[in-house]
Ligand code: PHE
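Only one chain is given next, in structure tokens, and it is the form predicted alone.
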Amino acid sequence: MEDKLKQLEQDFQAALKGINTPEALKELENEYLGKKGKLKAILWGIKDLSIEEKKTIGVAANELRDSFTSALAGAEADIESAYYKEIEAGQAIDVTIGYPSKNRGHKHPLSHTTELLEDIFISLGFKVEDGPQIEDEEHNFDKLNIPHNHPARDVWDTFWISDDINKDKSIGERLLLRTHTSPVQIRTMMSQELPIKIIVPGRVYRYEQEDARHTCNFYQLEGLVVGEGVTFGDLKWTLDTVMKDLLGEKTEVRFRPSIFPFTEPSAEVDVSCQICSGSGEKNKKRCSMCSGTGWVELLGSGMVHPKVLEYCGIDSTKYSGFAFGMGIDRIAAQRFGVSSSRMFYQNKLKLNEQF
């Protein structure tokens, strides 16, 4: 019986060497380990052996069965590995070969303008900050000196989150799509050490009547500087430097007195229209971008209101700061000579492919 087991092992090993397909491997398994296999046939003869022989042969038979099982599993793994190597060899790609590319795509004009602005401000020592587009009422309005009953709320009328979410929230906790990136300024003043020098680019939402300069969602970049001895002169120099760097040295910048709840004093900032070169006319017609004035309002700015500083835990008798906000859409239109900022959202490839 022992000789039969040894011969069976030799026959199995010899047969296994010639197996190279899953189907042949399965046939070999059935031939040796199946219900009617060769090992099973030998084991049927154990009943005629003595008790001592049964113990010896039984152990040897079980070890042989385990050996066959392990060898079959190893062969299966080798066959599978060889199969996938063959596929890889047939489908191999030399990634170092250069292929002519078509329609690779490119950055959207708004993305390009955002990066240009970030590069300019970073060169002036600003850091870039980001924040959530869904804001609570406290950060979006209250801490910016725009309480619930303030008439300026109408100017920033926006898109509120559904009543199902806001119905159980108190005033100040209600959620809305942010109307400006100013909440990030608030969060920064409340969490970071002074001095602060940041810009905050991002998407904002307002309930606007759309025209050549207005859309209900657009991209904005705001800036904030807070420290000791910060003046309005610092604000003017910063914006004049940025606009000339962005639009060209011949660009004129003017400041007009204005009113914002979160700054005092406040100013609107205009630049000479790049579409009509400040003439107010384009192709002998009134320029739609500047409404024929030769100027385009690009920014709102001012010195941070002392109340806003105090709301954020900053001593307004020791520290001062300035803030500004600009529409990236309008700046992109000015830089690239696009007559309406709405065109950036209309998926017109003929427009986007120019940049």
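As the structure is a prediction and not an experimental result, all values here were calculated from the model. Note that residue numbering begins at 1 and tracks the sequence as displayed.
From this point on, the text means the form predicted together with phenylalanine (PHE), which you will not see here.
By the criterion of a heavy atom within 4.5 Å, F121 is excluded from the residues contacting phenylalanine (PHE) in the predicted bound form.
When contacts are judged by a 4.5 Å heavy atom cut-off, I57 does not count as touching phenylalanine (PHE) in the predicted bound form. At the 4.5 Å threshold, heavy atoms of S301 reach phenylalanine (PHE) in the predicted bound form.
By the criterion of a heavy atom within 4.5 Å, Q220 is counted among the residues contacting phenylalanine (PHE) in the predicted bound form. Annotated contact segment (heavy atom within 4.5 Å of phenylalanine (PHE) in the predicted bound form): 254-262, selected among 239-247, 189-197, 254-262, 86-94.
Checked against phenylalanine (PHE) in the predicted bound form, the residues R153, H108, K282, R206 give one hit for a heavy atom within 4.5 Å, which is R206. When you look in the predicted bound form, the only residue of I328, V296, A61, A323 with a non-hydrogen atom within 4.5 Å of phenylalanine (PHE) is A323. Taking phenylalanine (PHE) as it sits in the predicted bound form, the stretch 162-185 comes within 4.5 angstroms of it through a non-hydrogen atom at H180, S182, Q185.
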